[in-house]
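Only one chain is included here, represented as structure tokens and corresponding to the form predicted alone.
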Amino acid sequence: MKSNPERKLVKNYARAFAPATVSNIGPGFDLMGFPLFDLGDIVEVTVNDLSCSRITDIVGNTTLSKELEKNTAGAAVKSFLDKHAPGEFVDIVLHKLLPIGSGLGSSAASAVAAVVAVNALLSKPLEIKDLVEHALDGEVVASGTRHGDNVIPSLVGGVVVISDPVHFNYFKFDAPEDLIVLTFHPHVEIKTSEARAMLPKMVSVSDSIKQTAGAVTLITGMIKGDYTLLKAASSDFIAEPFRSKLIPGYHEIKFMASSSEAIAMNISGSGPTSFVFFRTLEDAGLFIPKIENVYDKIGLGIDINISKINNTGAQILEVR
């Protein structure tokens, strides 16, 4: 690293992790989300002495572009450095641990991990809330629009509700401590941009009222830890009726969930991943064979994960 005392990047290397997310949470379309444990992406940044930032490696994926502005991690880093450390550049290594088009906030996780890592190189790192705009600049590369229901939960942790979707103001609260989240990801890809394009341009007054009622009930249930109210997560009158058609086996599994110990089930983000809420690990474990049987009959691979809600969000793993 250069020994220029005016440099704003005073550290040479940082590595950060950003977790996968469940967004919408049923009726909270584009406004709600929470992160999971264990699943996520890792980004490494190393200061270089060149005249440009560059993506030097993408581990775990051969299809993503290494062109800076066409990659969510690269675009996020560029946005951050252009504003906060102009004239300084880094090499980026993306460890792409999440599948593309999974409905788990894959593109958001890359962007968030990137800005958290590069922020750690500053002499005075920014507050987490100030990283949102740069992560959004990265995530938009994949989704085509700026929406924060994956980016913000991955960044800050907890259950996030976006109170102003124009300026991305939000509030967060910790999830019920014992709530279990089972996610299952059928091995099909659904691009966020395509999933958004199939949504209706207009929503009826009746559906709008039901959607609002569901969202308010869900938030109340999360805050109070009232699992009866969390049943509202199964309701969605905007996205689920359309996006569920893209997910093999979805309706069969949701029917089974409604007659089991599951609290609620719905699509995570754009899909194909879906989430199911349970009260206990035992209940979640008993539901796994039912999901596997459905996809065995379909002949489709599937990944299943059980987690609690991650109230921490993105983390620095190493900085030097």
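Numbers follow the displayed sequence, beginning with 1. Quantities reported herein were computed from a predicted structural model and do not represent experimental measurements.
The same protein also exists as the form predicted in complex with a small molecule; that form is not shown, yet it is the one meant from here on.
Q: With the small molecule left out of view, choose which of H95, H185, K231, R243 has a non-hydrogen atom within 4.5 angstroms of it in the predicted complex.
A: In short, R243.
Q: Looking at E261, E252, D30, E292, which is the one with a non-hydrogen atom within 4.5 Å of the small molecule in the predicted complex?
A: After the contact test, the surviving option is D30.
Q: Should H147 be classed as touching the small molecule in the predicted complex when contacts are defined as heavy atoms within 4.5 Å?
A: Close contact exists here: in the predicted complex, H147 approaches the small molecule to within 4.5 Å, heavy atoms only.
Q: Quick check on T192: any heavy atom within 4.5 Å of the small molecule in the predicted complex?
A: Contact check for T192: yes, within 4.5 Å of the small molecule in the predicted complex.
Q: Give a yes/no on whether P35 approaches the small molecule to within 4.5 Å in the predicted complex, heavy atoms considered.
A: Close contact is absent here: in the predicted complex, P35 is far from the small molecule, nothing within 4.5 Å, heavy atoms only.
Q: Contact between T273 and the small molecule in the predicted complex at 4.5 Å, heavy atoms?
A: Taking the distances in the predicted complex, the answer for T273 is no, it never comes within 4.5 Å of the small molecule.
Q: Counting only heavy atoms and a 4.5 Å cutoff, which of 171-179, 112-120, 67-75, 192-200 contacts the small molecule in the predicted complex?
A: That would be 192-200.
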